[in-house]
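Take a look at this single chain in structure tokens; it is the form predicted on its own.
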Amino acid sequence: METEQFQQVRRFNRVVTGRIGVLSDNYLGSGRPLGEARLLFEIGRDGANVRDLRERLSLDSGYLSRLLRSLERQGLATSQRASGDARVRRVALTPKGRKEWNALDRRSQDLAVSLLAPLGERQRERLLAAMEEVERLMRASSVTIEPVDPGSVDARRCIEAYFRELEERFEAGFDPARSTSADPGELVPPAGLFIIARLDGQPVGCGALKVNGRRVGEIKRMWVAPSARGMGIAQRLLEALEKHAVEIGLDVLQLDTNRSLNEARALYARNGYAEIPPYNTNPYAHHWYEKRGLKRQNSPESKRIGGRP
């Protein structure tokens, strides 16, 4: 990345933080800094679990605890163990806290009006479109991808959602028992790999690599939640699987897909996967793809010459 790119990010941060008034200890006239005000707002009228607040706000446990204690000392919030699960701590607003929440909501609305009102109609449209794009890309940059046990709760959640979508989209429905195998035992090292994409701590996508031979692997279980599409997550999942394939010595990747999955076919085509004759008897497959020369394409030399970074 270029120096000017870093400088643009820093200029943007300075303008935004100054314009929306987060530099003082009196955010929106609440008499408290942004951290406390934001936490109060996120707890909301219905309350929230501490774990969810930590993930949603990307706060470490110690700092979140200090903020919560401050709200409790001010009589704005209370916390207790959740009924039915002593491991879960739940926070709720007091009557005083709900009154403060309503005031913050009104002031936040007034701030939004103050940002938009001075602009002409076309300027407002441009600003709102830019905000939408920045929000989308900022959320995309917060997505994390990591290997997990394919038998874990989050992995099973992703795979079940993936199967439900295939059932809805395939012309004849989908029965995983009839498809080619990708059992959990086949998706753990050294036999393979299962990875998950997370957004705000929640699983929003998955992908897997199954090793079929000494130099051949197969891409399986590629899925992104509808709510997280358009963020480039599928591309990152595919790149992560390719990187792992190279690291374990594979030079060829294959995959099959159904004709109804147009987005998947476009993803593979733009990443250098070429259509090949069928290499399996998957009854749900209409297209088979292969990518050769993974080691060469992922070498430092090819990247310097102009390969994908």
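Numbers follow the displayed sequence, beginning with 1. Please read all numbers here as calculations on a predicted model, not as lab measurements. We call the rigid core the largest set of C-alpha positions that still match within 1.5 Å between the two forms.
The same protein also exists as the form predicted together with the DNA; that form is not shown, yet it is the one meant from here on.
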Does the DNA come within 4.5 Å of a heavy atom in each of 149, 161 and 198 in the predicted bound form? no
Want to guess which of 77-85, 151-159, 189-197, 202-210 is within 4.5 Å of the DNA in the predicted bound form, heavy atoms only? 77-85
The listed residue (56, 244, 66, 259) that reaches within 4.5 Å of the DNA in the predicted bound form by any heavy atom is 66
Sole residue of 272, 33, 249, 47 within 4.5 Å of the DNA in the predicted bound form, by heavy atom: 33
May I ask you to state whether residue 281 is within 4.5 Å of the DNA in the predicted bound form, using heavy atom distances? no
Can you work out whether residue 277 and the DNA are in contact in the predicted bound form, taking contact to mean some heavy atom pair no more than 4.5 Å apart? no
Contact with the DNA in the predicted bound form for residue 139, defined as at least one heavy atom pair within 4.5 Å: yes or no? no
Interface membership of residue 89, the DNA in the predicted bound form, 4.5 Å heavy atom rule: yes
For the stretch 200-229, which residues lie within 4.5 Å of the DNA in the predicted bound form by non-hydrogen atom distance? none
Superposed on the rigid core, does the Cα of residue 57 end up 2 angstroms or more away between this form and the one not shown? yes
Taking 2 Å as the cut-off, check whether the CA of residue 269 shifts that much or more between this form and the one not shown after a rigid core fit. no
Core-aligned, is the CA shift for residue 259 between this form and the one not shown 2 angstroms or more? no
